[in-house]
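One chain comes next, on its own, written as structure tokens: the form predicted alone.
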Amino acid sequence: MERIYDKLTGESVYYKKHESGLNIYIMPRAGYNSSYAIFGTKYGSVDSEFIVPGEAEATKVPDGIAHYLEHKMFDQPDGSNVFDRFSKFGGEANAFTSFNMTAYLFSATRHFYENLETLLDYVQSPYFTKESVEKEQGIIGQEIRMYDDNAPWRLFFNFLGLLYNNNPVKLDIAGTVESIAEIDEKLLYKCYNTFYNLSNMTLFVTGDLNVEKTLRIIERNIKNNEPFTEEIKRIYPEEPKQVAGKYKEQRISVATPMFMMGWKDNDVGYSGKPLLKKSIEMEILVEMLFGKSSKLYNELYDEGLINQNFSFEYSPQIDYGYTAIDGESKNPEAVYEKITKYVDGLRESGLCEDDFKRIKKIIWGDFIRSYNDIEGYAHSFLSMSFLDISYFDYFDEYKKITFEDVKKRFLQQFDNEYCVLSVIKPE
């Protein structure tokens, strides 16, 4: 295996591109009492139209099929329960589907290698029947209806619906009751055979483990040795620069009004180190603008417009991105007005360089501390790898960032023409 060494932290990751196309990363962490593995595919809810390598025609599948497929992967041909197999060896397993990836994972304090074999086995063993697929429609349909009344969920997707006209990120990850009714076992197998080809997948393993033994077990349990020789072509609709709407309000049973506001990122279409650098610039920027040490945060808090449930983030992807601020407020519209006015003022007066220097140091400290959370590290490593970003490139890009870079990024990202407000109010 190739050893990737980070001289700043002293950490090493061992990497191998298997002949099946699978990207294998093993990160030994001596002294940790828990080990962790995450097996992911670059396939999420936005990937509903694509061209399979070797085919000429595009395939369009129902919304929600990636999430549906994740659910069905736990069915076994012999009728056994995958979770029982993990429990037998003391493993705690889970899975998730996001907009851009699907992942299967487990953590264990003992019998790590047996749990790893279980993970590799069931993710490579699809089993879909007409009867089981139809049965799942009722289960997932109930889940979808449950989220119809989930205030944070509706707040978020109303927000995305305001930002995006056509990009499928605006659509619920689970799809709709109508869309999942169109899913059958043939479509599931087609999506599985396309996106679960090992050349589209990555396995990341970390903990107090032996690298050579771990690699032997992984290679012994790889079933598919026919990688695609070309990329899966993903087809996304063209997205205009302008937002789809500026304001949406929904009434749900909540105690306090909730808000989510943010800006659409139109500087998209690239991956790798340029995307990593932009992400770090935005990480510094949002902390400068909205962090607890900022003038804005303290004014909002002192005026009683926000409470402790106030958060912000920048979400970077290849084909879309956005900055989001969310929280609770007795007057969401006043929060929106104050924040947008604050941003307009900074576009005139400029940012503070001392704030930049201070926050940049804080961001670096947060990054170093992230190495101690092996589960969070594994998730970040995997999601970054699907963006063609190496976790170990962080410092090289971080040290390049200047105050001028952040000022330019601020003017590019924080244009209130592309700012929207989603609100949930009590019924």
Partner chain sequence: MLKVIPINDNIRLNYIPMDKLKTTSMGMYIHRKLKKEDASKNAILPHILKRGCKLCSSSQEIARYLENLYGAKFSAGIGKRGDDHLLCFEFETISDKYAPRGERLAAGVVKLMMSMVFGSLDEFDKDSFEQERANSITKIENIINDKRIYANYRCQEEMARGDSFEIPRLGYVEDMKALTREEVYAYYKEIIVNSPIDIYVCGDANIRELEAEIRKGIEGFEFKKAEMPSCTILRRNSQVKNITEKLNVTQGKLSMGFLTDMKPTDENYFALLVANAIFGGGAQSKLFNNVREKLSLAYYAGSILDKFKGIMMVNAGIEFDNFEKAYNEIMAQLDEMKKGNITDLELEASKGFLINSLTSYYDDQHSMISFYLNEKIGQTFADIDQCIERIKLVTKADAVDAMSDVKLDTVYFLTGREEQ
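Just so you know, these numbers come straight off a predicted model, no measurement behind them. Residue numbers count along the first chain shown, from 1.
There is also a form predicted together with its partner chain; it is not shown, and the following applies to it.
> Hey, in the predicted complex, is residue 379 touching its partner chain, heavy atoms inside 4.5 Å?
Judged by the heavy-atom cut-off of 4.5 Å, residue 379 is well away from its partner chain in the predicted complex.
> Going by a heavy atom distance of 4.5 Å, is residue 392 a contact of its partner chain in the predicted complex?
The answer is no: residue 392 has no heavy atom within 4.5 Å of its partner chain.
> So, in the predicted complex, is residue 59 in contact with its partner chain at a 4.5 angstroms heavy atom limit?
So residue 59 does not count as contacting its partner chain.
> So in the predicted complex, does any heavy atom of residue 127 sit within 4.5 Å of its partner chain?
Flag for residue 127 set to no.
> Taking 76, 324 and 332 as a possible spot, do all three reach its partner chain in the predicted complex with a heavy atom inside 4.5 Å?
No, none of the three is in contact.
> Let me know the one among 349, 229, 193, 142 whose heavy atoms come within 4.5 Å of its partner chain in the predicted complex, would you?
The residue in contact is 142.
> Name the residue from 225, 166, 253, 210 that puts a heavy atom within 4.5 Å of its partner chain in the predicted complex.
Of the listed residues, the single hit is 253.
> Only one of these stretches, 262 to 270, 350 to 358, 313 to 321, 230 to 238, has heavy atoms within 4.5 Å of its partner chain in the predicted complex; which one is it?
Comparing against its partner chain in the predicted complex, the contact stretch is 350 to 358.
> What residues of 352 to 377, in sequence order, lie within 4.5 Å of its partner chain in the predicted complex by heavy atom?
Contacts from 352 to 377: 355, 358, 359, 361, 362, 364, 365, 366, 368, 369, 371, 372.
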